[in-house]
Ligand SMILES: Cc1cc2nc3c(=O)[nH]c(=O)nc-3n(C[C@H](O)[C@H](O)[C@H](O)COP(=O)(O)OP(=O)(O)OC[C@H]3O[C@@H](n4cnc5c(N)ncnc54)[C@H](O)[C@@H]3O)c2cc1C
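Single chain ahead, written as structure tokens, the form predicted alone.
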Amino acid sequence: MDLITVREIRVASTRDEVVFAPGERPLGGGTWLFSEQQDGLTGLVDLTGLGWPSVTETDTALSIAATCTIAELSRLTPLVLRTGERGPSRGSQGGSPLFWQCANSLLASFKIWNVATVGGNLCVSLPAGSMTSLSAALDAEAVIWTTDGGERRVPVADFVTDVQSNVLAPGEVLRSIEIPRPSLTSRTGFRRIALSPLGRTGTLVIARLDATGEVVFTITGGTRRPVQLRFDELPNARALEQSVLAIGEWYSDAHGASDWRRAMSALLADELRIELEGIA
């Protein structure tokens, strides 16, 4: 929709230009900003002019820029970094299928995929934000530019604090997410359910089995914020069920009642437990 209150759009080309006057907000893809009326919005600061590389490999992590589009992210599959190699390699198993699975969970048109950004999906902070699901499940860190010219890091699992609420302070900008290399080579399982074939996520459960034997279940969509359940080894059915049912932050809206989401999360988590049991 037209944002008739916006009087100016500035394109930032340096970090010094990433400042916000009253009424200004950062602009990445803009798919949410332009989807509904934005009260009090008078200006936009376009971050795409900063020219951040969408994906950068380091010795310890895969860094994904906040301005990386969903389409670019989806094409990372099946790229997975291997220890001792400078570049990603094809044909490896591990966390890489999640890039496609989570991107596809958005159920958006190719037009949206080519504009919407990873950072925007995290910053809108909706329960069904599948980039939050992906990043949290792989123990990614959010790299945040602070207003004093520095940066701070927050686990993505802690970045979203409630429905459309996160840890960003006024004037701060999400710069990137960094996925640690070990998470990329972990075995993963994915389950998602919705009330209709093309419906918004009711709940989404991702399980990750690390080389150390640690197992992490990450639940999103059905909860108000990401919830992680960590076990030193694969839990038995009862221990896992009790842990899921003990979660107290279930979400209820037109896309699913909280009791249904709770029950489905327990069921999907157990399916993943059985799946990982076969490869542990």
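For every residue, the number given is its place in the sequence shown, counted from 1. It should be emphasised that the depicted structure is a prediction, and the values quoted were computed from it without experimental measurement.
Missing here is the form predicted together with the named molecule; even so, the following discussion is about that form.
- Contact with the named molecule in the predicted complex, defined as a heavy atom within 4.5 Å, holds for exactly one of Cys123, Leu73, Ala157, Ala207, namely Cys123.
- Between the named molecule and the residues Val227, Leu62, Leu47, Leu240, the one pair within 4.5 Å by heavy atoms in the predicted complex involves Leu47.
- Only one segment in the set 134-142, 99-107, 148-156, 179-187 has residues whose heavy atoms sit within 4.5 Å of the named molecule in the predicted complex; it is 99-107.
- In the predicted complex, the named molecule lies farther than 4.5 Å from every heavy atom of Ser54.
- Although the partner is absent from this view, Leu234 stays clear of the named molecule in the predicted complex, with no non-hydrogen atom inside 4.5 angstroms.
- A residue is said to contact a partner when one of its heavy atoms sits within 4.5 Å of a partner heavy atom; Arg10 fails this definition for the named molecule in the predicted complex, lying far away.
- At the 4.5 Å threshold, heavy atoms of Ile219 stay clear of the named molecule in the predicted complex, well away from it.
- Shown here without its partner, the chain carries Asp162, Val244 and Tyr251, none of which come within 4.5 Å of the named molecule in the predicted complex through any heavy atom.
- Residues of 7-32 placing a heavy atom within 4.5 Å of the named molecule in the predicted complex, in sequence order: Arg25, Pro26, Leu27, Gly28, Gly29, Gly30, Thr31, Trp32.
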